[in-house]
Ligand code: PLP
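Next up is one chain by itself, shown in structure tokens, the form predicted on its own.
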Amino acid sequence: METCYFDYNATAPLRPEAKAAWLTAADDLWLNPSSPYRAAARVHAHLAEARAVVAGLFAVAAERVVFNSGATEANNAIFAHWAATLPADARIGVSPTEHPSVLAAAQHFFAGRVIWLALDGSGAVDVAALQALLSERQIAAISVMAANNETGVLNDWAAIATECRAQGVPYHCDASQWIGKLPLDRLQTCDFLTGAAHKFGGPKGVGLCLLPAGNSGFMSLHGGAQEFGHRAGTEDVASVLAMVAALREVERGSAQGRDAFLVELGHVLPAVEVIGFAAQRLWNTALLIMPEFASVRWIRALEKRGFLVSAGSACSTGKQGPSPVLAAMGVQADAMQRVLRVSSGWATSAADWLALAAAMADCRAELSSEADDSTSTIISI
């Protein structure tokens, strides 16, 4: 049975171009790029070229680009940097719908000094309320993601970046879900920007961070002078080149398949609720509250039919307690137990979307039958 993958927001399959770039580099460019001989200088030149490509895509100077192990490392490093450089009593503003790597880092480095930013009715950060906080000088730094990994809801990061710059407040934007799905235009206006290659078809364990122009004090890992002194450690050249190959292949997607799926799903399961339906969202994402049955039962039933979906953030799967994102949006606890996240990507077709809707209808019949059998068994006892 062929698998139909609908969990791109957790990780994307490796693009063929990325795989080819990795294999070539692993064979031909395995030397340490910091070694003194000419053969190693060739490896360093490929790394510099990759950095130039990324810098060009984001329209920044190459010195702003730092390669690392991914967004979790970069997010933690940014909060550690703020903790070391901002005043000891500084408070920071953070969206309560951030990725766990941001929420945990904020609470670790700024315990008791995190101001949770207000949301509007769609689950996006309320820009007007944020502007008021900035004007009152209540916060020394801001962290607001570009696109939410669970709901797909987009924040107005461009407006936030403009307001932060006007107030002289550093702004960090986790763009892990934006990069590879939407245009990169203006992302360079964010002071700190983070992303992970495996979200857009690159390998796991590699990512990028854009630093403010002229920033000389940022240090992700201490040790050698790699990455302009910002992150020590021998660079994983093969993974960096694979990431860049994937980034070059990115094309803006269409919501047509997702929207057709939601229309069809409304016919076969009319009681399904779509979280953030009226908001600006990623074209590939639908977060559903199913009318009945726990998320795990839907996931298992769909997997038997070859469809892979999730119950939300992969970084929170298996943990106890409600989703912080949905809790911040006011979703009731009982509804959180019935959530499914469906997210597509570069290899998903419109037919795949419609097949998923049909499979959900079949699963509903199966799960209802199981519930009826359970009830009859209990009565017979």
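The structure presented is a predicted model; accordingly, all values stated were derived computationally and were not measured. Residues carry their position along the shown sequence, with the first being 1.
If you look for the form predicted together with pyridoxal-5'-phosphate (PLP), you will not find it shown, but the lines that follow are about it.
The closest non-hydrogen atom of Ser95 lies beyond 4.5 Å of pyridoxal-5'-phosphate (PLP) in the predicted complex.
Proximity of Ile160 to pyridoxal-5'-phosphate (PLP) in the predicted complex: non-hydrogen atoms within 4.5 Å are absent; the residue sits far from the partner. For the chain shown alone, Asn75 is a contact residue for pyridoxal-5'-phosphate (PLP) in the predicted complex, at least one non-hydrogen atom being within 4.5 angstroms. Mapping the unseen interface onto this chain, Ala196 counts among the residues with a heavy atom inside 4.5 Å of pyridoxal-5'-phosphate (PLP) in the predicted complex. The candidate spot formed by Ala71, Met145 and Gln177 lies fully in contact with pyridoxal-5'-phosphate (PLP) in the predicted complex, as each residue has a heavy atom within 4.5 Å of it.
For the residues Ser310, Ser220, Asn149, Asn284, the 4.5 Å heavy atom test against pyridoxal-5'-phosphate (PLP) in the predicted complex is passed only by Asn149. Though pyridoxal-5'-phosphate (PLP) is absent from this view, in the predicted complex it lies within 4.5 Å of a heavy atom of just one residue from His81, Arg258, His230, His99, which is His99.
From the list 86-94, 115-123, 169-177, 275-283, the contact stretch for pyridoxal-5'-phosphate (PLP) in the predicted complex under a 4.5 Å heavy atom rule is 169-177.
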